[in-house]
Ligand SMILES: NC(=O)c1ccc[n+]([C@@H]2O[C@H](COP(=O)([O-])OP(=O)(O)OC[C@H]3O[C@@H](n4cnc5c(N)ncnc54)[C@H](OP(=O)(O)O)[C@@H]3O)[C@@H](O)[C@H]2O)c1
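Let's start with one chain on its own, the form predicted alone, as structure tokens.
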């Protein structure tokens, strides 16, 4: 039976993925976050809360015991430092499979006026740090999949398409439920999209910026 370590387990997308994993799979979960008191499990037989810091390799190594897949739902200005700690810890623990949430634009792959708008919104510390973190993941020997969502909505819909690294990004937005769904699919079948970086958008949302801006 698969056990997944979810880093940043109290994030919005992570919570949606955890709920879907409980309802649709038999996957066991280790829920890793800075303050365990913030997290309540829905099924204590399949979910274990682990308190730790994703920049501290020893915290991660301890949490990786018995884990098959890591799903990293991390954020922050220190995302590159977190990426380095995750790679080092997984190497030490002998865990290979990583699903890493990033953002659109890290390869300057967003075309046209939307790409210009995206740069205006995200340049100055965000795109640069997420791009650096992705380089850490891609230069590792892990079996990674990087997921690059479009701008996120809370729409109650699962509808998405993907592009690959080297292809122009499509669409402007995507629901958090859609990102949770693609994450769950890769946890359940970790053999797909290894060493790929996937842009994820909702079809039919092309434009100069997301509809909610």
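Positions refer to the first chain, counted from 1. Bear in mind the structure is a predicted one, so any value in this text is a computation, not a measurement.
This protein has a second form, the form predicted in complex with this ligand, left out of what is shown; the following refers to that one.
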Thinking of 3, 64 and 136 as the candidate spot, does this ligand come within 4.5 Å of a heavy atom on all of them in the predicted bound form?
-> no
Classify residue 152 as contacting or not contacting this ligand in the predicted bound form by the rule of any non-hydrogen atom within 4.5 angstroms, answering yes or no.
-> yes
Answer with yes or no whether residue 142 is in contact with this ligand in the predicted bound form, where contact means some heavy atom within 4.5 Å.
-> no
Contact flag, residue 31 vs this ligand in the predicted bound form, heavy atom cut 4.5 Å | no
How about residue 101: is it within 4.5 Å of this ligand in the predicted bound form, going by heavy atoms?
-> yes
Given 41 to 49, 180 to 188, 157 to 165, 66 to 74, the stretch touching this ligand in the predicted bound form at heavy atoms within 4.5 Å is 66 to 74
What are the residues of 39 to 56, in order along the chain, with a heavy atom within 4.5 Å of this ligand in the predicted bound form?
-> 52, 53, 54, 55
